[in-house]
Every structure is written in structure tokens, then in C-alpha cells.
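In C-alpha cells, the next block holds one chain alone, the form predicted on its own.
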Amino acid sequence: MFLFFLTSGLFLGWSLGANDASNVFGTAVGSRMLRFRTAATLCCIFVILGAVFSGAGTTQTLGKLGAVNAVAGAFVVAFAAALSVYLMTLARYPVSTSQAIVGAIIGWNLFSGSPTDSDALLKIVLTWIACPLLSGIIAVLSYKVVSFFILKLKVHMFRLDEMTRYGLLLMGIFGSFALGANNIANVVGVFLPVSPFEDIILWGRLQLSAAQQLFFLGSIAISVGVVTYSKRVMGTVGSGIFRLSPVMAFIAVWAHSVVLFLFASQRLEQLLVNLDLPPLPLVPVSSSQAIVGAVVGMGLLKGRHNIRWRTVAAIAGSWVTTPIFACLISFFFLFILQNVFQQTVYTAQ
């Protein structure tokens, strides 16, 4: 029965893959530096690796926001988030899966009467603001540094084209790994408290934890979304906001990937703690906000008149409506599942 309820999480994973692969390879495909087939294949491989081996960190913060304690409730929460992302994907907007799942969890909290952890919610919301700003700053600074060295070294146009192509390839790989590590919590994190999976031993001492098995299934669903539907949204990110040069495309993916990695790395968090520095919160940040922030940042650097502000406004509007929409859908379907289908959607504490 658990696998049936997990289908909504897999649907959410498919929606994330269909939407957020554009954030990793959209600039490369949009600038025609990489073919879609190559981009999709690499994205699938490294999303799976990132999810399985580095996906545990961000699930803790999401779990504090609201611990969904019934499998039917987890089904509805994931379905509400997935439906919100899917509808925005149909409109070709790179929406935030992080915002969708947060809205859906709050909908469950409201329906079940469970408290919403205000500290966790504040931490997540602040990252929604910090994410595009940080990405834009990294993009602008990185572009200035790269441009300086290109001019200083007098790189030939054809050589620059070749270097940029390989750079986009490497950054896409890095970005895919970071996407899997940071966003897998959005896909299957709500199922962790109710998962029946147990740790298994594979070859020798290699152990696959219950969480990693769930992450693997979620990342497979993301990969299917990448292959089957992500090409539509790649056009919006790659050329809909601001016409990117190949070098700018490389910088955009670099800035996006760094931001996702910073908010997902447990090792980095531990390193900062060991150095008595304030650690960054391990939060599933918005991949869409990161890439849009980077693209807008470089657009501003080149002159704000080059930016298609109507597209930016539409994307920003989708970021505002997505969590509200997901919250309402979650509350409505929880009511239907409990009162029409007589399913237990939460356990009273």
C-alpha cells in the first residue's frame, strides 16, 4: 500500500525533473551550446548520484516544518505540490518546487491542527529571498572575473567557444548533482517518517539506508521528468528572460550550482562549525530562483533595458502563487480523502 501512496511523490519528482532541469541545462540548450539529448542524459545520471549520496541534509529542516505522520497525508501533500508544479510547467514557468512542498505541508498542518515550526518556516522563507540575490551577486562577480581573463589572455573566438562548451558541460554536471542533493527532500522528504523501508547491505560493506532507497526512487522519477518534458521550460530560462551569450550561460549555471551546493552540503556545514563560523542552513532552496537570479544579475550588468521584465514579473508572480495554491490544494484533498474515502490523513498527537 505504501508504494501506491508513494506515486504522488514520484509524480512530484517527475514534475521537478520536467521543470528544474531547465535550471541546470536550460542556458546551455537555449544558447545552442549543447544538444538536449546530451543535457538530459547527463542531468539524469548526476541527479541520481546527488540525491542518493548527498540528499540527507536538507530533509531535516523540511521535517521540522511539519512532520506528516500518516502515509495518506504524505500522499496528499506530495500530490498537491506536484499538481502545482505541473500546472506551472504547462505555462512554461520555472517555478519553485521548494515553495510548492512548503505550501502543501502548511496545508497539512492547518488541516490536522499541527503547529507550524515558525523558526523552520522563517529560515526557509529567508532563503527564498537570499537565494536569487546570492546567485545574482555570484554571477556578476564571476562574469567580471572571467571577462577580465578572457581579455587579458586574448583567447581566440573558436578556442573560447570550445572552452565554454566544455565549461557548460561540467557546470551542468555539477548543477545536476547539486539539484539532486538539495531538492530530493522536496520530492520524498514527507514520506521518510512513514517509510517501511529498512537498511540493506549490498556488496561487502556497502550499505543503502532506508532514506537512500527512497531518495533513489525519487531521483528516478526526476530523471523521467527530465527526459520526457523538460525541453519546454528550457526555452524560457535559456532565452526568455535575457538573451545569453555562451559565456553568460556558463556563468549562470555556475552561480546556480554554487548556491544549491552551499545550502545542501553537510560537510561544508561541519567545516564552518569547526572553524567557529556561522553555518549556512541546510534548506531545500529554489533551483528556479537561483538560475533566474543569476540571469537577471547579468542582465542588469549589461543594462536593464535588455531584460524582458514582463517575463521576469510573470515568473515572480508564479513564485508567489505557487505555495498558496499548493496549500489550498493540500487542504482540499485532505478533506476529500478523509471524509469521502475514509483514509487516515493524520494521527492525533
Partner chain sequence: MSIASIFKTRTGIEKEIDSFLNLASESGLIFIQGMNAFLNNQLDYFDEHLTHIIETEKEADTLRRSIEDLLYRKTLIPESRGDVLKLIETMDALLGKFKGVMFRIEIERPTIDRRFHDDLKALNNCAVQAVEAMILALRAYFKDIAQVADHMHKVVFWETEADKASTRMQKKVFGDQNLGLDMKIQLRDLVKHIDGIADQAEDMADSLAIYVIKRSL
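It should be emphasised that the depicted structure is a prediction, and the values quoted were computed from it without experimental measurement. Positions refer to the first chain, counted from 1.
Beyond the structure shown, there is the form predicted together with its partner chain, which is absent from this document and is the topic of what follows.
Contact annotation for the candidate site: 37, 90 and 226 all lie away from its partner chain in the predicted complex (no heavy atom within 4.5 Å). Only one of 103-111, 116-124, 259-267, 159-167 lies within 4.5 Å of its partner chain in the predicted complex by heavy atoms, and it is 159-167.
With the partner omitted from this view, the residue of 191, 254, 143, 79 that lies near its partner chain in the predicted complex is 143 [heavy atom within 4.5 Å]. None of 137, 273, 208, 155 but one reaches within 4.5 angstroms of its partner chain in the predicted complex through a heavy atom, and that residue is 155. Heavy atoms of residue 247 reach within 4.5 Å of its partner chain in the predicted complex, making it an interface residue. Residue contact with its partner chain in the predicted complex: residue 32 places a heavy atom within 4.5 Å of it. Taking non-hydrogen atoms only, residue 308 never approaches its partner chain to within 4.5 angstroms in the predicted complex. In the predicted complex, no heavy atom of residue 133 sits within 4.5 Å of its partner chain. Of all the residues from 287-303, the single one having a non-hydrogen atom no more than 4.5 Å from its partner chain in the predicted complex is 302.
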